[in-house]
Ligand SMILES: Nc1ncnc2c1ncn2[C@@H]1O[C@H](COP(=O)(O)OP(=O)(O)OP(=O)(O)O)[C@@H](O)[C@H]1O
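One chain comes next, on its own, written out as structure tokens in the form predicted on its own.
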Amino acid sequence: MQLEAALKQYYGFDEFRPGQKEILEDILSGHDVLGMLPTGTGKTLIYQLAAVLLKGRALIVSPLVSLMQDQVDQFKQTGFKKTVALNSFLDQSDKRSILKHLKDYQFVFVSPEIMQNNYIRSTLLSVEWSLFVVDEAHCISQWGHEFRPHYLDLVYVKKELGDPVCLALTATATVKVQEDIQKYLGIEKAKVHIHSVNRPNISLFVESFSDLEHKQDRAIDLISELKGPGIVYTNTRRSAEQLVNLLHEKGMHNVSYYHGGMEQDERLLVQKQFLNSQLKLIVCTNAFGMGINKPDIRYVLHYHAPSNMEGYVQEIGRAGRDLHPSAAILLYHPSDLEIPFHFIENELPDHNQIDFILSDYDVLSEQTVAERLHLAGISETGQRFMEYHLNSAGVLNEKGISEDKRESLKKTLKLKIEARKKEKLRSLRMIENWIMTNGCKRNMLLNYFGEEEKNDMEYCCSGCQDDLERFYGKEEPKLLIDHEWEDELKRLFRQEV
């Protein structure tokens, strides 16, 4: 079947977006692929269609545990009914049922952490996989903005699965991170498709404030004036809730907040309400956004500066997926960087905590290293980091450790943590410099990712005198196109071959 014919049959589209067809051709030819495509350009379609045309199964590794069910729902709505997610939210009976019938599924989502479970891992090895997809592949690099240590285990999982064709996907990766993805996944000979992070339909605006009250007033004015739907990012859960309460007081009731401190069912409800256009605005932390597919988001407003350029690009990329003009607005006050700086300083263990975890005091002689780790009072991110490295060193469940090994491990961990902090602080200073430097914001962003500048855009950014007011107004009602409804019904209700 020609790829265009398959695209029309399964999705109703006449042509591929840039990058999709080329990656598909390489996968179907048996090549591993590293693909860097901008957020919102249809990475999911690539591995959906690849698995269908290969007439096999796809194992999709994703860090988005809280959004996996939404991804499953999206797959089923698109017609891919044989889709399931294995994650920590499942109760034991559901998990056992899925594993028992694993061969009946075509698409299986997993987190790298859940594959540390020996039973789950052995069950995954019991079926044949045509495609091994690593989504958000930048997480495998310690220089990536969302490093996840258990991503480093994926190369071993891939080998145990028989080395199926591997597709590594990301929206944002510097050259250094791209090299790490290939190295740590064992796909050095992969076909590489690197597309620009530039989203020409998204105009970039940065406004600076010396007074927090003025910044807050500006945010409220923008939210009331901008054509929606929209997303507002804050850097704390408390800020998200406070801003929503303030908007409610101003008479704006079709807004809600979203953050990692909410119960799972609360988050899912807000998410679905936004996707179904029952809410015009989500005010959220960076816990919201990945895996969300809402094409008509007209603006993304950063109420606080994000902690790195990669995260900023991913977050603004949630706007304008329908390719219509959209706005990315960042409102900056110097205090914005205090909280990300605090996170950087405290997300990983300090020297005293490492000494405690790897101590050899008599009073702790009955405790394993894992038990001391739980007593050390470190963050969830820090705990994942330590569990991975302690397990790799073979000491996580040990009680007595030789003095030489203990001291060597302390030194290694402290050096790794200092290097990680240094890199994150460098990233924080980079985005601060991007905010404060005059000139074309788009070209500065492209320079960061090693790309050529764009100098021929009619609408660009605040540094090029783009006009934010052109995004003001009321959203227009959506019109149904009558002549397409039969094709759409056929697509939605088809069954996979």
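None of the values given here were measured: they were computed from a predicted structure. Heads up: residue numbers just count along the shown sequence, starting at 1.
Below: the form predicted in complex with this ligand, not depicted.
**OP:** Would you mind picking the one in H150, K424, H304, R318 that has a heavy atom within 4.5 Å of this ligand in the predicted bound form?
**Re:** Among H150, K424, H304, R318, a heavy atom within 4.5 Å of this ligand in the predicted bound form occurs only for R318.
**OP:** Identify which of L45, V52, C460, L445 has a heavy atom within 4.5 Å of this ligand in the predicted bound form; exactly one of them does.
**Re:** After the contact test, the surviving option is L45.
**OP:** Using the partner position in the predicted bound form, report whether P38 sits within 4.5 Å of this ligand, counting heavy atoms only.
**Re:** Residue-level check for P38: yes, a contact with this ligand.
Subject >> Exercise: A219 in contact with this ligand in the predicted bound form, heavy atom 4.5 Å >> reply: It does not: once this ligand is placed as it appears in the predicted bound form, A219 has no heavy atom within 4.5 Å of it.
Original post:
Using heavy atoms and a 4.5 Å limit, would one call F16 a contact residue for this ligand in the predicted bound form?
Top reply: Judged by the heavy-atom cut-off of 4.5 Å, F16 is in contact with this ligand in the predicted bound form.
Original post:
in the predicted bound form, does I223 have a heavy atom within 4.5 Å of this ligand?
Top reply: Contact with this ligand, no.
Original post:
So which stretch, 158 to 166, 416 to 424, 350 to 358, 318 to 326, is the one near this ligand in the predicted bound form (non-hydrogen atoms, 4.5 Å)?
Top reply: Residues of 318 to 326 come within 4.5 Å of the partner.
Subject >> Heavy atom of each of D26, A58 and S130 within 4.5 Å of this ligand in the predicted bound form >> reply: Checked in the predicted bound form: no contact with this ligand for any of the three.
Original post:
What residues of 114 to 139, in sequence order, lie within 4.5 Å of this ligand in the predicted bound form by heavy atom?
Top reply: The one in contact is E136.
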